[in-house]
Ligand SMILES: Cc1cc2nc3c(=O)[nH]c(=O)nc-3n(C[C@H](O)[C@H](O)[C@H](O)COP(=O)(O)OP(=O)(O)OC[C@H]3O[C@@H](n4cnc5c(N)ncnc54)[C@H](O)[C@@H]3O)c2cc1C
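This document starts with one chain, in the form predicted on its own, laid out as C-alpha coordinates.
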(Lines give C-alpha, C1' and ligand atoms only; values in the text may rest on other atoms or scores of the structure.)
Protein backbone atom coordinates (compact mmCIF):
# COMPACT_ATOMS: atom_id res chain seq x y z
CA UNK A 1 0.00 0.00 0.00
CA UNK A 2 1.03 3.57 -0.52
CA UNK A 3 2.04 5.82 2.33
CA UNK A 4 0.13 9.04 2.94
CA UNK A 5 2.97 11.27 1.75
CA UNK A 6 3.07 9.50 -1.61
CA UNK A 7 -0.70 9.79 -1.93
CA UNK A 8 -0.62 13.51 -1.15
CA UNK A 9 2.17 14.17 -3.64
CA UNK A 10 0.41 12.30 -6.47
CA UNK A 11 -2.90 14.05 -5.80
CA UNK A 12 -1.13 17.41 -5.78
CA UNK A 13 -0.07 16.84 -9.40
CA UNK A 14 -3.64 16.37 -10.68
CA UNK A 15 -4.17 20.08 -11.58
CA UNK A 16 -0.98 20.18 -13.64
CA UNK A 17 -1.87 16.96 -15.47
CA UNK A 18 -5.42 18.17 -16.16
CA UNK A 19 -4.09 21.49 -17.45
CA UNK A 20 -1.67 19.70 -19.78
CA UNK A 21 -4.54 17.53 -21.02
CA UNK A 22 -4.21 14.60 -23.44
CA UNK A 23 -0.97 16.08 -24.77
CA UNK A 24 0.65 14.23 -21.86
CA UNK A 25 -0.48 10.85 -23.14
CA UNK A 26 0.14 11.72 -26.80
CA UNK A 27 3.75 12.44 -25.84
CA UNK A 28 3.85 9.21 -23.82
CA UNK A 29 2.76 7.03 -26.75
CA UNK A 30 5.06 8.79 -29.21
CA UNK A 31 7.96 8.31 -26.80
CA UNK A 32 7.19 4.67 -26.03
CA UNK A 33 6.37 3.49 -29.55
CA UNK A 34 9.39 5.19 -31.11
CA UNK A 35 11.76 3.41 -28.72
CA UNK A 36 9.76 0.16 -28.66
CA UNK A 37 8.38 -0.26 -32.22
CA UNK A 38 7.38 -3.88 -31.55
CA UNK A 39 4.56 -2.54 -29.39
CA UNK A 40 2.87 -1.29 -32.57
CA UNK A 41 1.84 -4.94 -32.93
CA UNK A 42 -0.07 -4.67 -29.64
CA UNK A 43 -1.64 -1.22 -29.55
CA UNK A 44 -4.43 -0.14 -31.91
CA UNK A 45 -2.53 2.18 -34.24
CA UNK A 46 -5.75 3.53 -35.75
CA UNK A 47 -6.68 4.75 -32.27
CA UNK A 48 -3.26 6.38 -32.03
CA UNK A 49 -3.89 8.31 -35.22
CA UNK A 50 -7.34 9.56 -34.19
CA UNK A 51 -6.18 10.22 -30.59
CA UNK A 52 -8.76 7.86 -29.10
CA UNK A 53 -6.15 5.85 -27.22
CA UNK A 54 -4.24 8.86 -25.79
CA UNK A 55 -7.52 10.29 -24.47
CA UNK A 56 -8.48 6.94 -22.92
CA UNK A 57 -5.12 6.73 -21.17
CA UNK A 58 -5.40 10.34 -20.01
CA UNK A 59 -8.81 9.54 -18.47
CA UNK A 60 -7.28 6.49 -16.79
CA UNK A 61 -4.36 8.44 -15.32
CA UNK A 62 -6.67 11.13 -13.96
CA UNK A 63 -9.12 8.57 -12.56
CA UNK A 64 -6.35 6.66 -10.81
CA UNK A 65 -4.80 9.79 -9.33
CA UNK A 66 -8.18 11.00 -8.10
CA UNK A 67 -8.99 7.62 -6.50
CA UNK A 68 -5.52 6.68 -5.35
CA UNK A 69 -6.66 6.39 -1.73
CA UNK A 70 -9.44 3.99 -2.67
CA UNK A 71 -8.60 1.93 -5.78
CA UNK A 72 -11.82 -0.05 -5.30
CA UNK A 73 -13.63 2.93 -6.86
CA UNK A 74 -12.09 2.07 -10.23
CA UNK A 75 -12.37 -1.70 -9.89
CA UNK A 76 -14.92 -2.06 -12.70
CA UNK A 77 -12.67 -0.17 -15.10
CA UNK A 78 -9.66 -2.19 -13.97
CA UNK A 79 -11.51 -5.43 -14.70
CA UNK A 80 -12.63 -4.18 -18.11
CA UNK A 81 -9.08 -3.19 -19.08
CA UNK A 82 -7.52 -6.36 -17.61
CA UNK A 83 -9.84 -8.46 -19.77
CA UNK A 84 -8.81 -6.45 -22.84
CA UNK A 85 -5.12 -6.80 -21.91
CA UNK A 86 -5.42 -10.57 -21.73
CA UNK A 87 -7.12 -10.66 -25.13
CA UNK A 88 -4.19 -8.82 -26.74
CA UNK A 89 -1.51 -10.75 -24.84
CA UNK A 90 -0.10 -8.10 -22.51
CA UNK A 91 2.79 -9.44 -20.41
CA UNK A 92 4.19 -8.32 -17.01
CA UNK A 93 7.42 -7.20 -18.71
CA UNK A 94 5.52 -4.65 -20.78
CA UNK A 95 4.38 -2.88 -17.62
CA UNK A 96 8.00 -1.95 -16.95
CA UNK A 97 8.23 -0.35 -20.39
CA UNK A 98 5.02 1.59 -19.79
CA UNK A 99 6.21 2.74 -16.36
CA UNK A 100 9.56 3.93 -17.66
CA UNK A 101 7.92 5.98 -20.41
CA UNK A 102 5.18 7.34 -18.18
CA UNK A 103 7.73 8.70 -15.73
CA UNK A 104 9.86 10.00 -18.59
CA UNK A 105 6.86 11.83 -20.01
CA UNK A 106 5.95 13.43 -16.67
CA UNK A 107 9.55 14.56 -16.26
CA UNK A 108 9.89 15.95 -19.78
CA UNK A 109 6.56 17.78 -19.94
CA UNK A 110 5.98 18.85 -16.34
CA UNK A 111 9.49 18.81 -14.80
CA UNK A 112 7.97 18.26 -11.34
CA UNK A 113 11.16 17.30 -9.51
CA UNK A 114 12.54 14.17 -7.89
CA UNK A 115 9.93 13.89 -5.09
CA UNK A 116 7.01 13.85 -7.52
CA UNK A 117 8.68 11.37 -9.87
CA UNK A 118 9.42 9.00 -6.98
CA UNK A 119 5.82 9.27 -5.78
CA UNK A 120 4.46 8.49 -9.25
CA UNK A 121 6.88 5.57 -9.55
CA UNK A 122 5.46 4.08 -6.35
CA UNK A 123 1.88 4.77 -7.40
CA UNK A 124 2.39 3.26 -10.84
CA UNK A 125 4.01 0.20 -9.28
CA UNK A 126 0.92 -0.42 -7.17
CA UNK A 127 -1.42 -0.05 -10.14
CA UNK A 128 0.78 -2.26 -12.33
CA UNK A 129 0.73 -4.97 -9.67
CA UNK A 130 -3.09 -4.80 -9.55
CA UNK A 131 -3.26 -5.39 -13.30
CA UNK A 132 -0.51 -8.02 -13.42
CA UNK A 133 -2.11 -10.06 -10.63
CA UNK A 134 -5.61 -9.88 -12.09
CA UNK A 135 -4.41 -10.72 -15.57
CA UNK A 136 -2.49 -13.70 -14.23
CA UNK A 137 -5.75 -14.95 -12.69
CA UNK A 138 -7.56 -14.58 -16.01
CA UNK A 139 -4.79 -16.33 -17.95
CA UNK A 140 -4.86 -19.20 -15.44
CA UNK A 141 -8.65 -19.49 -15.64
CA UNK A 142 -8.59 -19.57 -19.45
CA UNK A 143 -5.91 -22.24 -19.70
CA UNK A 144 -7.32 -24.47 -16.95
CA UNK A 145 -10.75 -24.86 -18.54
CA UNK A 146 -11.64 -27.35 -21.26
CA UNK A 147 -10.74 -25.95 -24.66
CA UNK A 148 -8.78 -23.04 -23.19
CA UNK A 149 -5.44 -21.67 -24.34
CA UNK A 150 -3.00 -18.80 -23.81
CA UNK A 151 -1.74 -16.59 -26.60
CA UNK A 152 -3.18 -17.20 -30.05
CA UNK A 153 -4.61 -20.27 -31.74
CA UNK A 154 -5.23 -21.02 -35.42
CA UNK A 155 -8.81 -21.06 -36.68
CA UNK A 156 -10.16 -21.71 -40.17
CA UNK A 157 -12.95 -19.63 -41.70
CA UNK A 158 -15.62 -22.18 -42.60
CA UNK A 159 -18.42 -19.77 -43.49
CA UNK A 160 -18.56 -16.11 -44.52
CA UNK A 161 -21.98 -14.45 -44.80
CA UNK A 162 -23.13 -10.94 -45.75
CA UNK A 163 -25.63 -10.25 -42.96
CA UNK A 164 -26.54 -6.69 -44.02
CA UNK A 165 -25.23 -3.85 -46.17
CA UNK A 166 -22.55 -3.21 -43.53
CA UNK A 167 -22.06 -6.41 -41.52
CA UNK A 168 -20.27 -9.62 -42.47
CA UNK A 169 -20.21 -12.69 -40.24
CA UNK A 170 -17.47 -15.32 -40.06
CA UNK A 171 -17.79 -18.81 -38.60
CA UNK A 172 -14.43 -20.01 -37.25
CA UNK A 173 -13.40 -23.55 -36.33
CA UNK A 174 -10.11 -24.58 -34.66
CA UNK A 175 -7.53 -25.97 -37.09
CA UNK A 176 -6.42 -28.57 -34.53
CA UNK A 177 -9.95 -29.97 -34.33
CA UNK A 178 -9.96 -29.83 -30.54
CA UNK A 179 -12.68 -28.24 -28.35
CA UNK A 180 -12.69 -24.48 -27.82
CA UNK A 181 -13.27 -22.59 -24.59
CA UNK A 182 -16.93 -21.95 -23.87
CA UNK A 183 -17.54 -18.22 -23.54
CA UNK A 184 -20.06 -16.31 -21.48
CA UNK A 185 -22.86 -14.74 -23.54
CA UNK A 186 -21.75 -11.18 -24.32
CA UNK A 187 -17.99 -11.78 -24.39
CA UNK A 188 -15.64 -11.21 -27.33
CA UNK A 189 -12.57 -12.69 -28.97
CA UNK A 190 -9.57 -10.90 -30.44
CA UNK A 191 -8.50 -11.59 -34.00
CA UNK A 192 -4.87 -11.01 -35.04
CA UNK A 193 -4.30 -10.02 -38.67
CA UNK A 194 -1.64 -8.31 -40.75
CA UNK A 195 -1.27 -6.78 -44.18
CA UNK A 196 1.88 -5.79 -46.03
CA UNK A 197 0.80 -2.17 -46.30
CA UNK A 198 0.33 -1.67 -42.56
CA UNK A 199 3.85 -2.24 -41.30
CA UNK A 200 2.48 -3.80 -38.12
CA UNK A 201 0.11 -6.49 -36.88
CA UNK A 202 -3.38 -5.42 -35.91
CA UNK A 203 -5.60 -6.85 -33.17
CA UNK A 204 -9.33 -6.20 -32.96
CA UNK A 205 -12.10 -7.40 -30.67
CA UNK A 206 -15.39 -8.79 -31.97
CA UNK A 207 -18.33 -10.06 -29.95
CA UNK A 208 -19.66 -13.57 -30.47
CA UNK A 209 -23.31 -13.59 -31.68
CA UNK A 210 -23.81 -17.29 -31.07
CA UNK A 211 -24.30 -19.87 -28.33
CA UNK A 212 -21.20 -21.31 -26.69
CA UNK A 213 -21.03 -24.97 -27.73
CA UNK A 214 -17.31 -25.66 -27.37
CA UNK A 215 -16.96 -26.36 -31.11
CA UNK A 216 -16.72 -23.06 -33.00
CA UNK A 217 -16.90 -19.27 -32.77
CA UNK A 218 -18.79 -16.77 -34.87
CA UNK A 219 -18.00 -13.08 -35.16
CA UNK A 220 -19.81 -10.21 -36.87
CA UNK A 221 -17.76 -7.39 -38.39
CA UNK A 222 -19.17 -4.01 -39.38
CA UNK A 223 -17.21 -2.34 -42.16
CA UNK A 224 -16.12 1.01 -40.76
CA UNK A 225 -15.71 3.88 -43.23
CA UNK A 226 -12.32 4.86 -41.86
CA UNK A 227 -11.41 1.48 -40.49
CA UNK A 228 -8.23 -0.47 -41.09
CA UNK A 229 -9.07 -4.03 -40.10
CA UNK A 230 -12.80 -4.30 -40.88
CA UNK A 231 -12.41 -3.45 -44.62
CA UNK A 232 -9.52 -5.93 -44.76
CA UNK A 233 -11.62 -8.70 -43.24
CA UNK A 234 -14.57 -7.98 -45.54
CA UNK A 235 -12.46 -7.88 -48.70
CA UNK A 236 -9.60 -10.28 -48.07
CA UNK A 237 -10.54 -13.02 -45.61
CA UNK A 238 -12.30 -15.86 -47.40
CA UNK A 239 -13.65 -19.28 -46.52
CA UNK A 240 -10.75 -21.65 -45.99
CA UNK A 241 -8.37 -18.94 -44.76
CA UNK A 242 -6.54 -19.26 -41.44
CA UNK A 243 -6.72 -16.57 -38.77
CA UNK A 244 -5.34 -16.33 -35.24
CA UNK A 245 -7.58 -15.80 -32.23
CA UNK A 246 -7.08 -15.26 -28.52
CA UNK A 247 -9.41 -16.93 -26.03
CA UNK A 248 -12.78 -15.27 -25.24
CA UNK A 249 -12.67 -12.42 -22.73
CA UNK A 250 -14.71 -9.47 -21.51
CA UNK A 251 -16.50 -8.24 -18.40
CA UNK A 252 -19.85 -7.64 -20.13
CA UNK A 253 -21.78 -10.88 -19.98
CA UNK A 254 -25.01 -12.45 -18.80
CA UNK A 255 -25.24 -14.97 -15.98
CA UNK A 256 -28.53 -16.67 -16.80
CA UNK A 257 -28.64 -18.50 -13.47
CA UNK A 258 -28.72 -15.16 -11.64
CA UNK A 259 -31.76 -13.87 -13.54
CA UNK A 260 -35.14 -14.17 -11.83
CA UNK A 261 -37.46 -12.02 -13.94
CA UNK A 262 -37.90 -10.01 -17.16
CA UNK A 263 -34.89 -9.21 -19.34
CA UNK A 264 -34.47 -6.33 -21.81
CA UNK A 265 -31.84 -6.68 -24.54
CA UNK A 266 -31.19 -3.23 -26.00
CA UNK A 267 -28.87 -2.40 -28.89
CA UNK A 268 -28.03 -0.16 -31.81
CA UNK A 269 -26.30 -1.16 -35.03
CA UNK A 270 -23.60 -3.80 -34.68
CA UNK A 271 -23.99 -3.41 -30.91
CA UNK A 272 -26.59 -6.15 -31.15
CA UNK A 273 -23.90 -8.85 -31.46
CA UNK A 274 -23.23 -9.41 -27.73
CA UNK A 275 -26.92 -9.20 -26.80
CA UNK A 276 -27.81 -11.56 -29.66
CA UNK A 277 -25.59 -14.12 -27.93
CA UNK A 278 -27.57 -13.46 -24.76
CA UNK A 279 -30.89 -13.94 -26.58
CA UNK A 280 -29.73 -17.19 -28.14
CA UNK A 281 -28.49 -18.44 -24.77
CA UNK A 282 -31.81 -17.62 -23.10
CA UNK A 283 -33.56 -19.50 -25.90
CA UNK A 284 -31.21 -22.49 -25.61
CA UNK A 285 -31.85 -22.65 -21.86
CA UNK A 286 -35.64 -22.30 -22.24
CA UNK A 287 -35.85 -19.12 -20.16
CA UNK A 288 -39.45 -18.71 -18.96
CA UNK A 289 -39.67 -15.03 -18.03
CA UNK A 290 -40.50 -12.17 -20.45
CA UNK A 291 -37.72 -11.09 -22.81
CA UNK A 292 -37.79 -7.77 -24.69
CA UNK A 293 -35.61 -7.36 -27.79
CA UNK A 294 -35.17 -3.64 -28.55
CA UNK A 295 -32.97 -2.74 -31.51
CA UNK A 296 -32.26 0.46 -33.42
CA UNK A 297 -30.63 0.55 -36.85
CA UNK A 298 -30.47 3.00 -39.75
CA UNK A 299 -32.58 1.11 -42.27
CA UNK A 300 -33.85 -2.26 -43.42
CA UNK A 301 -30.75 -2.68 -45.60
CA UNK A 302 -28.50 -2.20 -42.57
CA UNK A 303 -30.58 -4.51 -40.36
CA UNK A 304 -28.57 -7.68 -39.64
CA UNK A 305 -29.75 -10.94 -38.04
CA UNK A 306 -33.44 -10.04 -38.36
CA UNK A 307 -34.36 -13.53 -39.61
CA UNK A 308 -32.52 -15.17 -36.70
CA UNK A 309 -34.36 -13.06 -34.13
CA UNK A 310 -37.69 -13.76 -35.84
CA UNK A 311 -37.00 -17.50 -35.77
CA UNK A 312 -36.36 -17.37 -32.03
CA UNK A 313 -39.45 -15.22 -31.53
CA UNK A 314 -41.60 -17.83 -33.27
CA UNK A 315 -40.48 -20.35 -30.65
CA UNK A 316 -40.67 -18.09 -27.57
CA UNK A 317 -44.10 -16.56 -26.98
CA UNK A 318 -42.71 -14.55 -24.05
CA UNK A 319 -40.33 -12.69 -26.40
CA UNK A 320 -41.34 -9.27 -27.72
CA UNK A 321 -39.40 -7.53 -30.50
CA UNK A 322 -39.34 -3.81 -31.19
CA UNK A 323 -37.26 -2.32 -34.01
CA UNK A 324 -36.52 1.33 -34.78
CA UNK A 325 -35.29 2.47 -38.23
CA UNK A 326 -33.67 5.85 -37.64
CA UNK A 327 -33.13 7.01 -41.23
CA UNK A 328 -35.45 5.00 -43.43
CA UNK A 329 -38.55 6.14 -45.25
CA UNK A 330 -41.38 3.81 -46.15
CA UNK A 331 -40.15 1.10 -43.80
CA UNK A 332 -42.16 -2.10 -43.15
CA UNK A 333 -45.28 -2.00 -41.01
CA UNK A 334 -44.62 -2.57 -37.32
CA UNK A 335 -41.27 -0.77 -37.34
CA UNK A 336 -40.83 2.34 -35.19
CA UNK A 337 -39.56 5.51 -36.86
CA UNK A 338 -36.64 7.60 -35.63
CA UNK A 339 -34.36 6.99 -32.69
CA UNK A 340 -35.19 4.58 -29.91
CA UNK A 341 -37.83 5.99 -27.58
CA UNK A 342 -38.55 3.73 -24.62
CA UNK A 343 -41.67 5.70 -23.71
CA UNK A 344 -43.26 3.85 -26.62
CA UNK A 345 -42.75 0.57 -24.75
CA UNK A 346 -42.65 1.80 -21.17
CA UNK A 347 -44.97 -0.99 -19.99
CA UNK A 348 -42.05 -3.40 -20.41
CA UNK A 349 -40.17 -1.68 -17.60
CA UNK A 350 -42.92 -1.59 -14.97
CA UNK A 351 -41.63 -4.73 -13.27
CA UNK A 352 -39.00 -3.69 -10.69
CA UNK A 353 -37.11 -6.94 -11.26
CA UNK A 354 -36.34 -6.24 -14.92
CA UNK A 355 -32.65 -6.49 -15.85
CA UNK A 356 -31.34 -4.60 -18.87
CA UNK A 357 -28.33 -5.35 -21.07
CA UNK A 358 -27.36 -2.87 -23.76
CA UNK A 359 -24.66 -2.23 -26.31
CA UNK A 360 -24.17 0.37 -29.02
CA UNK A 361 -22.46 3.71 -29.64
CA UNK A 362 -21.57 5.56 -26.45
CA UNK A 363 -24.04 8.40 -27.04
CA UNK A 364 -26.83 5.88 -27.73
CA UNK A 365 -26.14 4.09 -24.46
CA UNK A 366 -25.93 7.37 -22.57
CA UNK A 367 -29.35 8.40 -23.91
CA UNK A 368 -30.96 5.01 -23.29
CA UNK A 369 -29.57 4.83 -19.77
CA UNK A 370 -31.23 8.17 -18.97
CA UNK A 371 -34.50 6.84 -20.37
CA UNK A 372 -34.27 3.68 -18.30
CA UNK A 373 -33.60 5.63 -15.13
CA UNK A 374 -36.52 7.98 -15.87
CA UNK A 375 -38.75 4.89 -16.21
CA UNK A 376 -37.71 3.77 -12.74
CA UNK A 377 -35.34 0.95 -13.65
CA UNK A 378 -32.97 0.05 -10.83
CA UNK A 379 -29.50 1.43 -11.73
CA UNK A 380 -27.94 -1.82 -10.52
CA UNK A 381 -30.02 -3.67 -13.12
CA UNK A 382 -28.56 -1.72 -16.07
CA UNK A 383 -25.53 -3.37 -17.68
CA UNK A 384 -23.67 -2.16 -20.75
CA UNK A 385 -20.59 -2.73 -22.84
CA UNK A 386 -17.66 -0.31 -22.63
CA UNK A 387 -14.34 -1.01 -24.30
CA UNK A 388 -11.18 -0.18 -22.36
CA UNK A 389 -12.06 3.17 -20.82
CA UNK A 390 -12.29 4.70 -17.38
CA UNK A 391 -14.98 7.04 -18.74
CA UNK A 392 -18.50 5.93 -17.87
CA UNK A 393 -21.76 6.87 -19.55
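Residue numbers count along the first chain shown, from 1. Quick caveat: nothing in here was measured; it's all calculated off a predicted structure.
Keep in mind the form predicted in complex with this ligand is missing from the figure; the text below concerns it.
Peer 1: Do heavy atoms from each of 163, 275 and 339 fall within 4.5 Å of this ligand in the model of the complex?
Peer 2: Not a single residue of the candidate spot has a heavy atom within 4.5 Å of this ligand in the model of the complex.
Peer 1: State the residue from 230, 313, 152, 101 whose non-hydrogen atoms include one within 4.5 Å of this ligand in the model of the complex.
Peer 2: It is 230.
Peer 1: Consider the chain as shown here, without its partner, and state which of 283, 84, 292, 184 has a heavy atom within 4.5 Å of this ligand in the model of the complex.
Peer 2: None of the others qualify; the residue that does is 84.
Peer 1: Taking heavy atoms and a 4.5 Å cut-off, does residue 188 contact this ligand in the model of the complex?
Peer 2: Answer yes; at least one heavy atom of residue 188 falls within 4.5 Å of this ligand in the model of the complex.
Peer 1: Is the gap between residue 225 and this ligand in the model of the complex 4.5 Å or less for some heavy atom pair?
Peer 2: Residue-level check for residue 225: yes, a contact with this ligand.
Peer 1: I'd like to check something about residue 63: if you look in the model of the complex, is any of its heavy atoms closer than or equal to 4.5 Å to a heavy atom of this ligand?
Peer 2: Close contact is absent here: in the model of the complex, residue 63 is far from this ligand, nothing within 4.5 Å, heavy atoms only.
Peer 1: In the model of the complex, does residue 217 have a heavy atom within 4.5 Å of this ligand?
Peer 2: Taking the distances in the model of the complex, the answer for residue 217 is no, it never comes within 4.5 Å of this ligand.
Peer 1: Tell me which stretch of 103-111, 259-267, 205-213, 316-324 has a heavy atom within 4.5 angstroms of this ligand in the model of the complex.
Peer 2: It is the stretch 205-213.
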